[in-house]
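Have a look below at one chain only, the form predicted alone, in C-alpha cells format.
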Amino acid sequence: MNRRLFLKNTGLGLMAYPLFTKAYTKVIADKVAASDRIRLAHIGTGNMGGQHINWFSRFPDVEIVALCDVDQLRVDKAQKSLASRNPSTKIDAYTDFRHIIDRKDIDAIACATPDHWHALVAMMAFESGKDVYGEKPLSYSADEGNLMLKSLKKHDRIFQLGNHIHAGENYHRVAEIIQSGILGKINTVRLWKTGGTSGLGFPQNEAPPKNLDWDMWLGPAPYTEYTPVRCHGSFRSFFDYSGGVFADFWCHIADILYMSLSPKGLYSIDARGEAPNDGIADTPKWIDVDFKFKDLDVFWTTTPPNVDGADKMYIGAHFEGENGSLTCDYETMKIKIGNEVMNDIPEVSKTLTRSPSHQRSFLDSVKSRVQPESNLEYSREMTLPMHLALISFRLKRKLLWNSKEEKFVDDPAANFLLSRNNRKPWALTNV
C-alpha cells in the first residue's frame, strides 16, 4: 500500500478510535509497508507522556520503538504497557534522552518533558534529523522559541505544538465566524482561566528516590536540592521550570485569539498579580494582564470577565466587535448580535479545512513535509505574549515592547529575562 493511498484510506481521527478493536487495528498495521511506518520515540512518559503514548500507539502507521524518562519506574511502566499490547515489537527504554537523539532509525519524537527541557530536546532532535511533536508551552523562555525556529528552518524539520484543542470543530467554527466580519471589527478580546498556583507549603529537602535521576531532571535549570513538590505534577509552580497555571493554559485559549485574528504590533504589557505566601512556590497565585496591540486590546484575567455566561466557564474567550460579540470555551460558543443570541450563524460559510485530529495532522505532516496548523512559527508568535507577561509580573511594572526588534524598550532588566544561562552542560547556542 503506497503512502498516498494509505493516508487517503486510513486518516483516522480521535473520534474514530472506539470503532476499532486492538485486533482490527493490528490487522491494518500488518498491511502497512514498513517504509510507510513512522518510527516514533517518546521522551517523557509521565502524565502527559502517557497520553501521547495512548494517542500515537493507536495509529496503524506508527511504530513506537523507544521510550525515555528520567524516572525508571515511569519508563518501565510505559514499556510494560506497550509490550502487553504488542508482544512482538521490541521497545527500548532509556533514562537519558540522548540515546534516542543518537539513533538514526527514529523518524520523530513526542516530547512531554517538564517545560524547561522543551527547547533543548526539540533542537537536538532537529539537528539529528528528527521531527517533533512537542508539548506546550512551546519553550521556557522567549529567546528559546527564537532559537527553536532557527534550528527547525536550518534542518528542515516538522514541528507541531501539543495544543490539541486547536484541532477541534469549535475553534475552527469560531475562527470562521470572527473572520467573516459579521460581528464587525473586533476591538477587544478578553481571555481568562480560573485558578492559580498554591504555595505547596514548606517541605524539607530530602534525598531523591533511587528511581529518579534528579540531576538529569533539573538539566538546564539551576541546581537545587530535591523536594517532591518541585518534581512530578507540581513543577509548574516554580519559575525555575515554568510559569504556573498561566503558562500551562495560555496557549489553549490564546490559540483561538491567534487562530481568529492573528494580532500584530504588540507594544505594551502590564501585568498585576500575587505570588503565593503560604509556601515555596513562586509562580502567580493570580495574574491579570493588559496587552495593547495595534488596533486591538487583549485582557487576561484569573477570574471570568463580567459578560453573560462567562461565570460558567473556567476558561474562555470573549470577542467584542462593532456589531456583536462571541463568547467561547473549548467546545461551545454564544453569539450575540443586537437582542438575538445564537450558537452558530449558518449563513457564515465553512472556509477552514478541518483537522483529521491533532496527532494525525502531525503524522501526515511528517510524511508530506508540509508544516501542520500548530507549527513552530505560529506557536512561537502565539506563545510570546505569555513570556512577556510573566516578565512584567516578576518586575511588577508595565513594559513597552518593540515588536520589530522583539526587545523591550530601554529596559535592560526586562531584556535580561528574555533568556537565561542554562546550567552546564546544557547551554543553548545560536543557530
Partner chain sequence: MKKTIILFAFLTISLLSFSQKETVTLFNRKDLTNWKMVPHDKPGFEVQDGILVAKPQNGSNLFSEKWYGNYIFKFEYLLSEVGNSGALIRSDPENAWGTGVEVQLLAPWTPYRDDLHCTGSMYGLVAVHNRPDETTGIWHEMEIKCDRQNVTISVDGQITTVAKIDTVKGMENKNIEGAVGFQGNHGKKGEFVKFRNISIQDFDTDPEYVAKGFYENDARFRQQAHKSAVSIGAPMIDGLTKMLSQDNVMAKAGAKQVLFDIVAQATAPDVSKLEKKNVIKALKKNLKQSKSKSVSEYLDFLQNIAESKK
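Computed from a prediction, not measured in an experiment: that's the story for all the values here. Numbering follows the first chain given and starts at 1.
The protein also exists as the form predicted together with its partner chain; that form is not presented, and the subsequent description refers to it.
Among R380, K367, R394, R37, the residue placing a heavy atom within 4.5 Å of its partner chain in the predicted complex is R394. Of the listed positions (E320, D240, D143, D115), a single one reaches within 4.5 angstroms of its partner chain by any non-hydrogen atom in the predicted complex, namely D240. Taken together, the three residues Q204, D410 and N421 all lie with some non-hydrogen atom within 4.5 angstroms of its partner chain in the predicted complex. Per the 4.5 Å heavy atom criterion, its partner chain in the predicted complex is contacted by stretch 280 to 288, the sole one of 280 to 288, 152 to 160, 306 to 314, 251 to 259. Not displayed here, its partner chain is approached by E274 to within 4.5 Å at the level of heavy atoms in the predicted complex.
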